[in-house]
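Encoded as structure tokens, the following chain is the form predicted on its own, with no partner shown.
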Amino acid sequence: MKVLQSSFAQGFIKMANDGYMQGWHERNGGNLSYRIKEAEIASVAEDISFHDKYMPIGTTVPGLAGEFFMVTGSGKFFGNCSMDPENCCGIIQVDDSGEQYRTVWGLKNGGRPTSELPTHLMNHEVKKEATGGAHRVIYHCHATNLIALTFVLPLEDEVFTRELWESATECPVVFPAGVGVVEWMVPGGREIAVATSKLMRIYDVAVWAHHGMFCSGETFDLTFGLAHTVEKAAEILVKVRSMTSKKQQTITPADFRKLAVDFGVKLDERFLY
């Protein structure tokens, strides 16, 4: 089977286009990665080449040694992924030390993986361990309303989680662990990768102040749906705050506790203040 005929590549490209259609990927903004299953990489073996040299990742991820990932490329536009996937996307393999990678498909004409590769791979390593391998997708998008909130809300996990939960009833069901917040940092390096991966041990969503969010999930649909839910709640909150400085009514801590019982989710009391 050819890579572009595979279900994982088609799902990857669809998710990239879905994010672009939401307006979350201006120019070359945002990035996406998928940890490929052994059977999936075996099914596209005829397209895989091991001739490229290894390049440094910029961090160390020994828990991902030998793993294959489909990734978006540095400087590539999400809007072009569906039209020119071999140029905008690629498959990479991590070496046995977890310190280097090589491109084995795509990223034509000298392309490189996303500049956020250290963050993606550190997040993958953390989520692989935390979920017993279930999580395979890491997604970074520039969700407009969520970014706007990072200018007006305290950059605290408790505040962001509670405000988003209050904005839409489904939120504590979709992301019951809450969201974490990273204060503004220069993107692309190991420092922000470490800060984000620490949050990903607890949450499936990490907000980057004045920049966007990272989401983790088992499938493309679940991960995109998580990001979409967070951004929809952020949009509602932005509209509420534009209309009034004080909510006339909202979902209370007691209401959240009832919701948790009925939907079988566990909500951290830190957020029910």
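All residue numbers are counted from 1 along the displayed sequence. Keep in mind that this is a model prediction, so the values were computed, not measured.
Omitted from view is the form predicted together with a small molecule, to which the following refers.
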Please determine whether each residue of S33, G90 and R136 possesses a non-hydrogen atom within 4.5 angstroms of the small molecule in the predicted bound form. no
Name the stretch, out of 101-109, 79-87, 123-131, 138-146, where some heavy atom lies within 4.5 Å of the small molecule in the predicted bound form. 138-146
Report the residue, out of T196, T114, T161, T150, that has at least one non-hydrogen atom within 4.5 angstroms of the small molecule in the predicted bound form. T114
Give a yes/no on whether G189 approaches the small molecule to within 4.5 Å in the predicted bound form, heavy atoms considered. no
Answer yes if any heavy atom of G75 is within 4.5 Å of a heavy atom of the small molecule in the predicted bound form; otherwise answer no. yes
Just checking whether G29 would be counted as a contact of the small molecule in the predicted bound form - the rule being heavy atoms within 4.5 angstroms. yes
Partner proximity in the predicted bound form: K232 to the small molecule, non-hydrogen atom cutoff 4.5 Å: no
